[in-house]
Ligand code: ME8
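Take a look at this one chain, the form predicted alone, written out in structure tokens.
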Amino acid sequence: MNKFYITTPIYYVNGKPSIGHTYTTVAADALARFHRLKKEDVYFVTGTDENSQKNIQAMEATGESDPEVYLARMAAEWKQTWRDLDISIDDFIRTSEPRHLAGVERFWNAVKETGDIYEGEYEGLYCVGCEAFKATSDLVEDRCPLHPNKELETLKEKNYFFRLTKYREELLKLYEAGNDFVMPESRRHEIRNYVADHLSDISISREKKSVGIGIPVPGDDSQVIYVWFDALINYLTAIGYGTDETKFEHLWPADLHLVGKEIIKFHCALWPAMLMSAAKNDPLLREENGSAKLPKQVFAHGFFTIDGQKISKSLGNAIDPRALVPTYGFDAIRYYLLREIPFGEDGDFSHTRLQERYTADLANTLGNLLNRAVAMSRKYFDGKVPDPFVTQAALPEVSGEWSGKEGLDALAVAVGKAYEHTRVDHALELIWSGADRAHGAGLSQANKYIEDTQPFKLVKENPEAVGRILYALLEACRWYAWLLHPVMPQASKQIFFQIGLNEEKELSERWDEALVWGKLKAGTPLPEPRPLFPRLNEEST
């Protein structure tokens, strides 16, 4: 069985999950669900980054004084949010856990043995918002461009440094290898330019007395490990590095790290260089040929705004995703986030666009197709799926006819490729619009086919042809349920139910085995149809 190991970044617990965090997590969840449909051994990890100065500042702002209690409470809040939203995580890693500390110590020692850690003095600027040291070239008008309202701290400390510049040429070769290590391409160009022109050795520790939190540097309790050096190692410790070698060897390397573009320097330059260094002294991190086992891909999506404004506590515009569920249901929010924003580009959350997508795409297109196909089949064929093989009655000729089986075959191939290449937005566009003009089997064409053939009129003169039409539409709904399951698992479940199928039994098949024409059995009882996406209550929106 093929494995698929996917991660989100681990999130700071200086606040509750917002719609921006949800975007990243939902994207990862959709990809994890797709690979599960292919019957791959999927491991999906998210978690919380707890060894952070900004977490301590957030704790102090609440009036609390016990970091352990605060971190445990906030981590539980994050974990519960993903549970409430039915995010299908396999593990939730906290960087305060003993399993993480064990792996970090092992990793630090491996890098140290390579000779890539040395003592030095850091003097410069530090952005607490980014948890990162800032060079002059990083600043805009002497401010961090990501946190322009935060004062930069001037630091002068004796720290430990990592010889990041030692790996400049190896990193540049990695980006040029054509292996899609960094995606999308625009991010690859960005990180290549950074490594070629601006890379410098990085301080990987802080004085314990100045930050108040962190994992002690092995052999030097006066220093704690820099939060990013420790945090990146979560991708190893979550799957057993330092605690369970069998599990680790099965799952590593990661198939996909999903991150925001603001942290690509850490994930696409520092992280692979760290692995290259540690691999020299740790066989768990080394290929048979001696090279480091690196993640297969880091995909960086764009910035996320709310009605054109950056998500900010000071603006009070952060949205708790759970607050939207009573109005829209979470599947609609998942659909909107992954359809509205081209994956990899910057995107904006708009209540108006969410309502428009809900009504036009979900209620009027997907929901309407299912409701009409089921209702007419129940009415004209004794409440059951009609038998299309009773006769070869000729179907009415229509302009731009929906292409049925052939179109769905092409659609499934195209949608599968889009999911494989992390283009969930493109997969959804295909499902609604069809693979191409010659194979018009998208939801829009299916609805048009009802209008073109008018089975509600044709049934009086040619009920057998109507049976063929309605069977094709119901079978198409089965395919749409499969194609949409990664993004809208609850809607998919309801589609299966409304066409007389058991979701658990249906999804026990593998993607390519299930997407075969004619698997919906004629004579299957159809339950009373109900709206898949009910009309929105204007007062609630």
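Because the structure is predicted, anything quoted here is derived from the model rather than measured. The first residue of the sequence shown is number 1, and the count goes up from there.
What comes next is about the form predicted together with the ligand, which is not displayed.
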property: Contact label in the predicted bound form: V325 to the ligand, heavy atom within 4.5 Å; result: no
property: Contact flag, A254 vs the ligand in the predicted bound form, heavy atom cut 4.5 Å; result: no
property: Contact test in the predicted bound form: P184 vs the ligand, heavy atoms, 4.5 Å; result: no
property: In the predicted bound form, F107 touching the ligand (heavy atom, 4.5 Å); result: no
property: Option touching the ligand, based on a heavy atom within 4.5 Å in the predicted bound form, out of Y335, F349, Y235, Y226; result: Y235
property: Residue among G260, G407, G367, G242 with a heavy atom within 4.5 Å of the ligand in the predicted bound form; result: G260
property: Complete contact of G124, L139 and K265 with the ligand in the predicted bound form (any heavy atom, 4.5 Å); result: no
property: Contact segment among 367 to 375, 303 to 311, 242 to 250, 281 to 289, judged by heavy atoms lying within 4.5 Å of the ligand in the predicted bound form; result: 303 to 311
